[in-house]
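Here are two versions of the same chain, shown separately as structure tokens and labelled structure 1 and structure 2.
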Structure 1
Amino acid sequence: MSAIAFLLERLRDAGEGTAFIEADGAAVGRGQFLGRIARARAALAAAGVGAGDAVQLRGDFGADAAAWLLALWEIGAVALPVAPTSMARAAEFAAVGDVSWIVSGPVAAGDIAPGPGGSAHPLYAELRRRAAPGLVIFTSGTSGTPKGAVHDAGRLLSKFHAPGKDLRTLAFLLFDHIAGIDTLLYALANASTLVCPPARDPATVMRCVAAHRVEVLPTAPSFLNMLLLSGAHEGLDLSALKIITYGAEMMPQPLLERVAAAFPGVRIVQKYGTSELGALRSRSAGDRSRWLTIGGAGTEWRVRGGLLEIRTPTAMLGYLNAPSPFTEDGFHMTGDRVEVSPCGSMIRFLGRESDIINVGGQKVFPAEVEAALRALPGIADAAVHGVPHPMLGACVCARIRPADPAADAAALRVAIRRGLAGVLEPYKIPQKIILVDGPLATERFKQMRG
């Protein structure tokens, strides 16, 4: 029996109803969706895609990409999803992922092309040995090179065997993030309707919530901040909304208070998961509390040196292209700094241990920005660090040593903005620039970032 058999059965048993509201507003019924999975499976078989093959899946939330994903798992393949926001790096991901095939577009078009690789990675061999389908989620590495976290999709799916609640959910998180996949699987496993927004700005998202009577809105703290600032939630009928979840970054207490005040009667729930561990079962101590219990079947956690470590059966097998981040006894070193409640059963997140800067949920690696800055004329050296910012959690601050000590600060700021436009994504371009005249590295050649 395939790993997704229980999902298909749940969808069939639920009878007629809407599985997806597409980004264009069209409704796709459960029957139609099941038909699409069958067509996708037939197309994959006809193209010669088989069990254990690594397949890049280019798409976004909707019935088509979901049908491809389930069909890939049904035949025992390894899916490597790439959402539109990461499409510029799709070729790099395909190479790192050693993919044999690339699938994209609507199921009806059957676009299945050969990939650059041969699915020969030892972790793929391990999946084949287990006869398990796979999932690869790309997470950014400390050097900025994406790391591929290889999961046994059968284990990830096992979390959904126990029935949950049927709640109409908005697919706000990304299709190629672990939390986005978790949203998709939870909705499918409970035969819920998944509402796919055409864009992820506050106004569009809230219009979708109102128009489609969305009950669960999974988000990130910086989105909630921008939502409250924009006022996009005002004047709309959001009476169906029951739960707002947030994860991915630090939630400032004042923001949590404002969200709770702006959405009275809505439960505000913190979630925790990582690309390496999957999305874990968690429970917030209250709508206005950042204390969190994490757990779920077989999940254990401990705190060593102030850092959270977790062992769970849904953890990845390993990275495609990086050393194992697990301790010898199988705990994942998350790099999240936490405090433990006096009762010892709850944790509260304090921030990331590493120097990765989290700008509104998007990761920025100082080394990448420093390299781009140093490539600009007139800059002798650069050191980049994050500074707390009330709007996006953090912003990028660059300390620059100009080649000419008498350089004009304003002119250099303009030159940096111009020079980095189109070179780095907008959120990576330093928002704050400080000119210094001393050295920016220690004697051991470590950048002095803080």
Structure 2
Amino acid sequence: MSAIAFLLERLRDAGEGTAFIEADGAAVGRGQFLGRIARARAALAAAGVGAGDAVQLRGDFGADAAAWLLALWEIGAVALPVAPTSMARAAEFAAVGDVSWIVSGPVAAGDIAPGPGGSAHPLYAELRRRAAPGLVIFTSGTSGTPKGAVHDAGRLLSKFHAPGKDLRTLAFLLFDHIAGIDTLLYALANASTLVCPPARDPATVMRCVAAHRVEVLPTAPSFLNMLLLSGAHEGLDLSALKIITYGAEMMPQPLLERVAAAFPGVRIVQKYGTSELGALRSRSAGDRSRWLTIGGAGTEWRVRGGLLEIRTPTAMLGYLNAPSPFTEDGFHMTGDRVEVSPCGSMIRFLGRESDIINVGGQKVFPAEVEAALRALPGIADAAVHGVPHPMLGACVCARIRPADPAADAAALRVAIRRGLAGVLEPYKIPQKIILVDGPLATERFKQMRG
């Protein structure tokens, strides 16, 4: 029996209904979707794609890309999804992934072309030994060497064997993001409707939520900040919306408070997962709390030196092209710095260890400075990073988008430093302030991966 047999059975048993609302607004029924999977499977077989082959799948959320993905898994192949936002690096990902085939376009066209590789990586051999389908998620953003996290797709699918809730969900997260794949699988496993937006800007997303009576909006803090700044949610009928989830980035407490106030009656839930571990089950302490529990069957966590480590059955087999990030006893070293609640059962994220700015031996978390900056009058958004300093090693640099584009730059810089005095320790106050016109959060969202 294939790893996706239970998904197909649930879709058949659920009867006719809408599986996808496409980006153009067209509805695709469950029967139609099952037909596309069968046609995709036949096209793959005709092209010679087989079990254990590494296949780059280029596409975005919709019935066609989902049908290709499930057909690949049904025949035991390894899928390497690439979303439109990552297409500039598709050739690089294909080379790192040693892909034998590249699949794109609608199922009806059957666009299957040879790839540059031979699917010879030892981790692919391990999947063949297990007779298991695979998934590769690349962890890098827009710079640096991409790391390919290789998963046994059967392991990822196992958590969906127990039925969940049928909730109409927006496909906001990316098709090549582990949380995006998790959204897709949850919707399919529960015969729910997945709404695919034509774009991911606040106005378009909220129009989709209103028009299609979306119940779950999975998103990210940077998008929620953009949404509240734009006011795109105002004046719309969002009465169907039940849950907003967020993850992938640090959530500043003031932003969480604003989101909860803007959407009364909607549950605000923090999610956690990584490209290496999959999307883990989590539960927030409350709509306005950043404390959460993480777990799920067989999942354990610990904190060593302030850094979170997790052991879970859904963990990847390894990287295609990087050393193992696991300890000898199987815990993944996440690189997330956290604090543990007094009761010892909950954690709160402080920031990525790799993002910490070391100012003369003092640690600065960018998220803390960004939150303080956004709380100041006249600031629409802020992004903080470290820059080299000849004496301190590094200093804090802030990119600021003013609420008023015509604001006097010199006066705003003085107001920022005065406003942060007494709020942040002196070494955390930005020494360099750059004013920008564009929405900083858009760039952050584009770079979200695992």
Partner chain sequence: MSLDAETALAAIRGAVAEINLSLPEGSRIPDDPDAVLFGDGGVVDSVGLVNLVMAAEAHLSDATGLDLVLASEAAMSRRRSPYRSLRALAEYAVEMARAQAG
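Numbering runs along the sequence of structure 1, starting at 1. The structure displayed is predicted, hence computed values, not measured ones. For clarity, a rigid core is taken as the largest C-alpha set superposing within 1.5 Å between two forms.
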Inset, instruction - Structure 1 or 2, which would you say is the form predicted together with its partner chain? - result: 1
Legend entry - Core-aligned CA displacement of Lys428 at least 2 Å between the two structures: yes
Legend entry - Core-superposed comparison between the two structures, Gln362 Cα displacement 2 Å or beyond: yes
Inset, instruction - Take the rigid core as the frame of reference and indicate whether the C-alpha of Ala240 shifts by 2 Å or more between the two structures. - result: no
Legend entry - Cα displacement of Leu373 between the two structures, once the rigid core is superposed (Å): 26.0
